[in-house]
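The chain that follows stands alone, in the form predicted alone, written as structure tokens.
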Amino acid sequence: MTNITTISSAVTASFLGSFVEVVEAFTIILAVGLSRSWRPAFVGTGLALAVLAALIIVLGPLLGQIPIELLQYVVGVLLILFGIRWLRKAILRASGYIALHDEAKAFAAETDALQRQASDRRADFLAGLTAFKAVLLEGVEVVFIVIAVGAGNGLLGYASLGAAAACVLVIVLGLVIHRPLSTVPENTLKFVVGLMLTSFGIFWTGEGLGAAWPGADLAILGIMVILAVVAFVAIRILRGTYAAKLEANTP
């Protein structure tokens, strides 16, 4: 049975996951628009959105043809793989093993690459292609997140609302500040979304296999708490080993 816990979890996971992806795409579009011109930025973005819309129109109806148990199992496994990937990266960033993602640095790197192509007669095409690839790749991840958190329990509408709200918020923020959204706590968002996606994945994989979860949908919160405890312990241990490694390498 779908209750407010499941709905709010799906909307929140879709909103936060989509927000991170849209911020990354926005950074690239902004770099193209400011360093080259807005025409290739908008053309590339428009073409990518058209491809994404075509994928949704073609593949969307097929979801209704898949038995719910099989859909929950497949989506659950994919969610575990996707969520663990985000969670692993967030844990490694929090423990110091890899650098935190910085939208300002990403914007500067993309701007520098575009400016080095400025003398190329295909500069507009390459700039448009950059915007197209960024929107398409991040957009595919947004579509996957919406399907993953919404399809397993008939919540596609709610998950879509979460993703749409994230897109609108990023666009509004971008129009207001007109620069990369470098103050967004992306690592924290990826940590939270990684926990949520992995929790959904474990829950729906169990549902697809016919498991009876204690507390029904409330079991998602229990899984999330257990994963959070494991993740924080992992961060604490890794921070200790990283500090010891730095100390050992200090002359």
Partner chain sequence: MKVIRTAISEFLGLFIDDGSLALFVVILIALVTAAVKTSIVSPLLGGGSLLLGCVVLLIESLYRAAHKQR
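Positions refer to the first chain, counted from 1. Since the model is a prediction, treat every value here as computed from it, not as a measurement.
The form predicted in complex with its partner chain is left out here; the points below concern that form.
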Quiz item: Closest heavy atom of Lys105 to its partner chain in the model of the complex, within 4.5 Å or not?
Solution: no
Quiz prompt | its partner chain contact in the model of the complex: Thr205, any heavy atom under 4.5 Å | solution = yes
Quiz item: Heavy atoms within 4.5 Å of its partner chain in the model of the complex: does Leu16 have any?
Solution: no
Quiz item: Is the gap between Leu87 and its partner chain in the model of the complex 4.5 Å or less for some heavy atom pair?
Solution: yes
Quiz prompt | Of Pro214, Pro61, Pro67, Pro185, the one that lies within 4.5 Å of its partner chain in the model of the complex (heavy atoms) | solution = Pro214
Quiz prompt | Of Ile171, Leu92, Ala164, Leu100, the one that lies within 4.5 Å of its partner chain in the model of the complex (heavy atoms) | solution = Leu92
Exercise. Report the stretch among 71 to 79, 155 to 163, 106 to 114, 119 to 127 that approaches its partner chain in the model of the complex to within 4.5 Å, counting heavy atoms only.
Key: 71 to 79
Practice problem: Give, in sequence order, every residue of 5 to 23 that has a heavy atom within 4.5 Å of its partner chain in the model of the complex, or say none if there are no such residues. | Solution: none
